[in-house]
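There is one chain below, alone, in structure tokens, taken in the form predicted alone.
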Amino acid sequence: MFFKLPRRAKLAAAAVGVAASLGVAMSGATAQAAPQPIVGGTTTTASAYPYVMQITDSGQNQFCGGTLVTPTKVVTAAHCMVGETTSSVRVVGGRTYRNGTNGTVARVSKIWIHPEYRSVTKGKDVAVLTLSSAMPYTTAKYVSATETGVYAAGTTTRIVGWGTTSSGGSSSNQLRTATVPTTSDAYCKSAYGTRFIASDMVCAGYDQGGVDTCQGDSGGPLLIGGRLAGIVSWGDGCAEPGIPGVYTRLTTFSNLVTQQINS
């Protein structure tokens, strides 16, 4: 049995995480079979994805991901920040390994959570962190509110994160990346029913399963054309056939994110 849960490592053992991925195209409402089925993808480095941040507790234990969009602003998932305070969270950049000691550690001065966020299955799963000090890494551009066409079914996406390589498994110590295609809204609705809110969510995955984000990936990026287009949010299990991962549809919240960046 698989459970609908946010993909945050800090939750109970069954919690699932976030990421974004560059995928292979699929046609119509149905995803194509995934080549070389895997969950965690392949290993990569922080220098390859300098804008992908670790979100950790005060002891630097990673539990979510985030995307650096300005030197002092990080976009992540709302469910990652529920119950957190500026003193309980750190953001770590430039660190390929979860157990590493290199890179840059920044404290957080402000946490903005979408004011209407209630749970991952009700949408609005977006948050913005303001850092107390600037990160010295390349930032990511993100989609504007008008670019709704980027999510067309079969669009190639890239997911990146430190999440587990199987549902309920151990987190990857090294940053990993994978590719998955977006699905149509109809395909996602067939998997999740009324829990899928098309205005707030977008799905990505193969009909066969095998490639997905998982525990510990929450808040990380879904990249389309090298730009932040989604946020790892939730799913039923990880990489199950016919059950794609669910991501926050960033075009819907782009203007709000911009407001926070400019605040």
Ligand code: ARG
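Predicted, not measured: the structure shown is a model, and the values here were computed from it. The numbering used is simple: start at 1 and walk along the sequence shown.
Although not depicted, the form predicted in complex with ligand ARG is the subject of the following passage.
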Gln54 near ligand ARG in the predicted bound form, any heavy atom under 4.5 Å? no
Although ligand ARG is absent from this view, report whether Cys238 comes within 4.5 Å of it in the predicted bound form, heavy atoms only. yes
Please check if Cys214 has a heavy atom lying within 4.5 Å of any heavy atom of ligand ARG in the predicted bound form. yes
Can Trp234 be called a contact residue for ligand ARG in the predicted bound form at 4.5 Å between heavy atoms? yes
Looking at 217-225, 43-51, 193-201, 66-74, which lies within 4.5 angstroms of ligand ARG in the predicted bound form, counting heavy atoms? 217-225
In the predicted bound form, residues of 56-79 near ligand ARG [heavy atom within 4.5 Å]: His79
